[in-house]
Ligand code: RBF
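For reference, the chain that follows is the form predicted on its own, supplied as structure tokens.
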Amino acid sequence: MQKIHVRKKIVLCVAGVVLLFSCKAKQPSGAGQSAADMGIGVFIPGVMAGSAVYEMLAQGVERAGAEKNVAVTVVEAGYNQAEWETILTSMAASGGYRLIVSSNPSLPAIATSVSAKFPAQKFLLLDGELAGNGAIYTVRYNQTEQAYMAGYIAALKAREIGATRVGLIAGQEYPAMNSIIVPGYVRGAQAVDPAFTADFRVLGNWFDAGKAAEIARDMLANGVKVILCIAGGANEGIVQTAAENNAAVVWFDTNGYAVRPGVVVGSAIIRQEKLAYEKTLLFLEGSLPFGRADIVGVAEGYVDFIEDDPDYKATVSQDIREKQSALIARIRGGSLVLQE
């Protein structure tokens, strides 16, 4: 009988999953069933509502599953990171997933811990990096390129309105944020003018729009006119504050121009659905190179800057758009190499 592809969406709390893996088995409880009877699990480290990146992750996996008639289950783990390993362990212990797919820089470490208990479980992790574990394949984006493009457009816009300071508000600190994104953002801004500095603030979560608005107001009071927002659902507070104060924001990971036309002046994106689809398909075809850690960027078509959006063209001056386009052409053509 042909398997029917379905999406099952599950929201779990820790209290509801602990009993599923109370024994410390070394193999998934469903290890005896054939691979054909097992589906794919998508582990969302947060919730999909308000997070286009996680929605794209699920959509990419589902598209691959649909092509191969494999069921896909989406599990939303919530915002409490302390619970993520418990929920991911429950998924592995169920034995129901031939592959668990997720996307977050913290997932490689969590998956490593889970893999030690359930070595038969396979993991595909986007936006993270870990090499050498035969059960885990990771692929992350060249966020130096992404942040550089964001910093460049932020500085171009800031300079146009007489500022030499740009802002960045992040939901949380993590290694890639501190060592890749922030430095890349500053480099991009200083490529416009070496006098540029950056005001980097951390919200402490991914949902408190009120607190994000307070941080944004303080930034604007201290000379920032353009803010890169990487704060999940809390971005709403940053955008609203910018709109009320004739300031601008730059969007990260997805096309954000329609969020607030006239306020969002740049969108440095990742093509998450495309990457999730292609890598899941590789797994289903038996070709995903577990144990390897890859990096993809502009040249491979997974990192980009949205130039053709009508709101971008209507909001941003032709002079800035031409300068930004010239930068992107240099990165695409290889004359500007931004390695991590």
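The numbering used is simple: start at 1 and walk along the sequence shown. Computed from a prediction, not measured in an experiment: that's the story for all the values here.
The form predicted together with this ligand is left out here; the points below concern that form.
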Quiz item: Pick from 206, 137, 118, 196: which residue has any heavy atom within 4.5 angstroms of this ligand in the model of the complex?
Solution: 206
Quiz item: Using a 4.5 Å cut on heavy atoms, which of 133, 172, 240, 94 is close to this ligand in the model of the complex?
Solution: 172
Quiz item: Looking at 64-72, 276-284, 47-55, 303-311, which lies within 4.5 angstroms of this ligand in the model of the complex, counting heavy atoms?
Solution: 47-55
Quiz item: Is it true that 151, 251 and 257 each have at least one non-hydrogen atom within 4.5 Å of this ligand in the model of the complex?
Solution: no
Quiz item: Any chance residue 142 has a heavy atom within 4.5 Å of this ligand in the model of the complex?
Solution: no
Quiz prompt | 4.5 Å heavy atom contact, residue 79 and this ligand in the model of the complex | solution = yes
Quiz item: Looking in the model of the complex, any heavy atom of residue 164 within 4.5 Å of this ligand?
Solution: no
Practice problem: Please run the contact check for residue 99 against this ligand in the model of the complex: heavy atoms, 4.5 angstroms, yes or no? | Solution: no
Quiz item: So which bits of 94-118 sit within 4.5 Å of this ligand in the model of the complex, heavy atoms only?
Solution: 104, 105, 106
